[in-house]
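Given next are two forms of a protein chain, the same chain in both, each as structure tokens and marked structure 1 or structure 2.
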Structure 1
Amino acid sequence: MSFVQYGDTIKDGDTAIVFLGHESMFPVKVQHGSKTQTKYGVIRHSTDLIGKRYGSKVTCSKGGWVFILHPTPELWTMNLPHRTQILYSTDISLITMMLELKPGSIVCESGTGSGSLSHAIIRTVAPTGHLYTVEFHQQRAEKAKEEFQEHKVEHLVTVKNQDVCKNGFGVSNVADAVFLDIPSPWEAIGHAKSALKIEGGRICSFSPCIEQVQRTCLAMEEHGFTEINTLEILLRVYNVRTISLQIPDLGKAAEDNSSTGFDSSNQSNQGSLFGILQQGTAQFKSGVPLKEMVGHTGYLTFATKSLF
């Protein structure tokens, strides 16, 4: 199992996703002899998981069943252990596009945090790219390194425990893109510029407060960055449901019958039309926005390293 290469069968040591429903899933490390408790009963790793194909339907001890899914960066984002606030797929998708990431890209990131964005970047730049990620907190850096090894992507990432604002990324003129998710990104803009390739590159800074954005934009201008712009993504989810609307009174039934193209000789058509008119309402499929939605997460500021 690897987060960047699909495996058919579940093996000892793999990280798998136990899927109970769209709103209920969790990761589990598969180990010979281990057991996992669910609301449907016990899953025995040796007999129920190891050797089975990913996507299999597994019956638990109480008779209920779950699906065992192959891990992906998207599933990991939804189920990872939170050591910090994380970026979700909505922001990650825009970051990946705006930084122009592709297989073979070299990326510098700070801070690593819980590794949500890191896994997405690694999957994007594989198999020949590389991620240099810097984390100020020692325990978080060690835990991230451990997870990358368990997920078999350690050859694609280098984890460093240092202060990026003082010591930078530890590399110079190699990165195609830089991402900053730190409290004071304006203090790291100079180091980000040094890490980017001489011929240029892209930078992104994620900040929850507009005051951080203002100071970061000023620092980008001072260091010669161009094409500076700030975006915010608000995800609005719609529910498709059946609604009833009152039919307006547009005249006699005979006139309605001819205007709507119904065949008057067809008794079934006459019955349907009569039923609708008698009820005074008609049902339609409609998209209705949720009453509550996820609002502000953060501002994404993008810029380009100037060649001149």
Structure 2
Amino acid sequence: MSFVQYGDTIKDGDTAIVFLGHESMFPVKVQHGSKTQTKYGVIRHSTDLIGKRYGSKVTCSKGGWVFILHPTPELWTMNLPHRTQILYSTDISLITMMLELKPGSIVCESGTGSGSLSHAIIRTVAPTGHLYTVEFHQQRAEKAKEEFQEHKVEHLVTVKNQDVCKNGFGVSNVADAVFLDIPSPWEAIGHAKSALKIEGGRICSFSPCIEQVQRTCLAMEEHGFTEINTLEILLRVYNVRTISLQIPDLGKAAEDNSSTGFDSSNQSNQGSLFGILQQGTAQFKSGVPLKEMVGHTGYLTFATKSLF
């Protein structure tokens, strides 16, 4: 297994995802001799995991069972240990597309944070690209380095512990794309520009507050970036539910020779419309929105550095 390549069977040293049921899962470091506790009982790595195919069902000691999944950046994003607020796959998807990331891309990122976006970028630029990621906080930088090693992607990423606003990304004119998720991105625009290739590239800045966006857009303009564009993407999830609605009793018209046919056929008409299960209810499938409101994560501002 690796985060940039699928493997078939679970091996010692892998990071696997234990899936317990709807939206309930957690990552596990597979190791000979280790045991993992779950609400369904114990999973013994040596007997239950190692050598099994990813996607297998594993029965735990108490009899309940789980699925063991191959890690992906998306699963990692949902299960990683948070050191900071993270970016989720909805924003990550748009960033990846709008920065035109693909195998071979060179990307600069700051701050690394909890490595959510970092893993996604590494996955996209592999096997020939590279991620230069800058993290101001020493412990977080260390933790990120550790994780990249555990996930067998350290050859695709360079972690630098420094302040991007003061010292930049540590590289010049190599990047196809730069991503900023820091409190004062306008202070790093100049460094972003010099990290980008001479012939140009793309930049993205993520900020929760519009005031930050305003200052960043201004800075981008001043540094000669073009096609400056601010977007927001919102995710709406639907629950699939079988809904039963009661059919109201509208009473019966008085028995009448001329309308006997009408009465009896009335009920069956309604039935044929909705597939009545039992007397007086209609059932149908519906996609029910999960939430009333869709949450705000942040504004994404994209721009282009070009020769013109």
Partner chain sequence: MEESAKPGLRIREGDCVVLKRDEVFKAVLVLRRRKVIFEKQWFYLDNAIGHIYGTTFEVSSGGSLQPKEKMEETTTDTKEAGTDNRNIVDDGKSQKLTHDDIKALKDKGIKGQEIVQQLIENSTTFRGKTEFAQDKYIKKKKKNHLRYDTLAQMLTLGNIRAGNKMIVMETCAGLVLGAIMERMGGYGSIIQMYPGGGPVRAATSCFGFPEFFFNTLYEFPLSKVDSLVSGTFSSETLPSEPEYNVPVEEERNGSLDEKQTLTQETEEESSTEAVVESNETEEQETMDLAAEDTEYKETKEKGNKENIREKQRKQQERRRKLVETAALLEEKNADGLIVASRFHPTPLLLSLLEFVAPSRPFVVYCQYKEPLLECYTKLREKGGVINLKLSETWLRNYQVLPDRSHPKLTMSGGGGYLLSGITVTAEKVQSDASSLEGQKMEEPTSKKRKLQELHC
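Predicted model, so just to flag it, every value in this text is computed and none were measured. Start at 1 and count along the sequence of structure 1; that gives the residue numbers used here. Basically, rigid core = biggest C-alpha set you can superpose within 1.5 Å across the two forms.
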Compare the two displayed forms of this chain and pick out the form predicted on its own.
1
Spell out whether the Cα of residue 237 moves at least 2 Å between the two structures when the two forms are superposed on their rigid core.
yes
Superposing on the rigid core, do we see a C-alpha displacement of 2 Å or more at residue 47 between the two structures?
no
Is residue 37 displaced by at least 2 Å at its C-alpha between the two structures when the rigid core is overlaid?
no
Superpose the two forms on the rigid core and tell me the Cα shift of residue 285 between the two structures in angstrom.
4.2
